[in-house]
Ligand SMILES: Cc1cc2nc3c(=O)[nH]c(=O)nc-3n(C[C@H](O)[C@H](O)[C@H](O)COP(=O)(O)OP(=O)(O)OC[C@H]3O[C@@H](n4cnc5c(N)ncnc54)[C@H](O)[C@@H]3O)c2cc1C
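Given as structure tokens, the chain that follows is alone and in the form predicted on its own.
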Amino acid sequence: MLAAMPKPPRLLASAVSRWGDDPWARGSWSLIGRHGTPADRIALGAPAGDRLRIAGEATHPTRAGMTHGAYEQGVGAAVWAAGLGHRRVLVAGAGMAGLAAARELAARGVRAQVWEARDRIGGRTAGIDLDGFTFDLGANWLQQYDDNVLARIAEELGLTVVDTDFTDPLVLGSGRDGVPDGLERALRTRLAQAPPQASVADVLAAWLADPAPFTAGAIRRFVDAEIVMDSGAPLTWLSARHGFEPGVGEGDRWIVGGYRLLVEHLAAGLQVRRARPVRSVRVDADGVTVNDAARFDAVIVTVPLPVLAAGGIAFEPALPAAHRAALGRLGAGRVEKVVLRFDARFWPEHPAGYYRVHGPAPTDVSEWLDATAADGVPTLVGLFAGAWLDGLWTGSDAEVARRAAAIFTEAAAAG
């Protein structure tokens, strides 16, 4: 008697991010290009006079790309504005930096008004309801957990958090031969010793020309996993010395129920006007005019760096030269996310709850979080970066989800 064939997994529900297409994000998180240095982050966050300041994760010298870095910069900008005696302040953007700035201003007795371009708050945190549960399509983890102000707030609220071990993913499909001893150290040494304006691609090309004692395939897979996946940026643009910034893998934990729980807490009691983008900021001796109409004593701008770099806000007078130069040397990559809910688990359980899948071409890479423990329904949260995005992220969300599910399903079947 023939054994019954196993039923293929059935996709119950899915959700897909579109950060690359979002006009209020234009990418994922900030990065340093080949002509930039961390000093550009500091320059961008410096006050532009005594009535305008840019804040957000892109301005943090050591916590860039992270929600608690954004929060800390928002608080710092609020302290600056209140310290100058401003009594009525506009905050542009209701992400982590904007909410932090508005809360700190209110705590100091300053009238703060938040204008948010989207019809929701949270910025690049984006909680979505899927199949009766909330998942994050944007920021997912509380990174650098032991030194994370948002983690302390989550603990005060009694939120449930789950550890993720980025250092121990289970690699599925191709590329399962592991990381050779000394490869990570060799990569970091080569990046640190690169010429000042070298890109990661420059370093990689020189290394692949003489890869011994490693193989070219092992080097490529490691760069894809550690740099492409962590940045989503073209390696020809990304700074060799400064593009591989710290943060990931330092006690990362994700919130059961999503970042929305933190966002709603931080926004409580604040005056937030949604669907109101800031288009223009005109500073004069007596105050600030926003969108040629509303007047404030000062403005704190927390919109994402790519939006500023693309001219999303017209400043009069123009931003100082140092700010404009920083915008030209910083940028953002693109990492997209898909959430997949299945009728049954078909993948191997792994203690770290984390998986990696390499594709057939260089920079094809995805990583997957097993979120099943959150509510008992087999759920995967996938992150995609690199060349894979060009073919996968086309068509409808349902089509993207089916393609992503097929990639993981095939890799899991290969073991």
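Residues carry their position along the shown sequence, with the first being 1. The structure displayed is predicted, hence computed values, not measured ones.
Beyond the structure shown, there is the form predicted together with the named molecule, which is absent from this document and is the topic of what follows.
- Contact annotation: the named molecule lies within 4.5 Å of heavy atoms from the stretch 56 to 64 in the model of the complex, the single such stretch among 345 to 353, 56 to 64, 42 to 50, 362 to 370.
- The candidate site formed by 235, 358 and 393 is entirely out of contact with the named molecule in the model of the complex, as no residue has a non-hydrogen atom within 4.5 angstroms of it.
- Of the candidates 199, 231, 143, 164, 143 is the one whose heavy atoms come within 4.5 Å of the named molecule in the model of the complex; the others do not.
- Site annotation in the model of the complex: the residue of 204, 227, 303, 262 reaching within 4.5 Å of the named molecule with a heavy atom is 303.
- Taking the partner from elsewhere, residue 191 is found to have every heavy atom lying beyond 4.5 Å of the named molecule in the model of the complex.
- Using a 4.5 angstroms threshold between heavy atoms, residue 88 stays clear of the named molecule in the model of the complex.
- Although the partner is absent here, residue 115 sits close enough that one of its heavy atoms falls within 4.5 Å of the named molecule in the model of the complex.
- The closest heavy atom approach of residue 278 to the named molecule in the model of the complex falls within 4.5 Å.
- Taking the named molecule as it sits in the model of the complex, the stretch 122 to 156 comes within 4.5 angstroms of it through a non-hydrogen atom at 122, 123, 124, 125, 137, 138, 139, 140, 141, 143.
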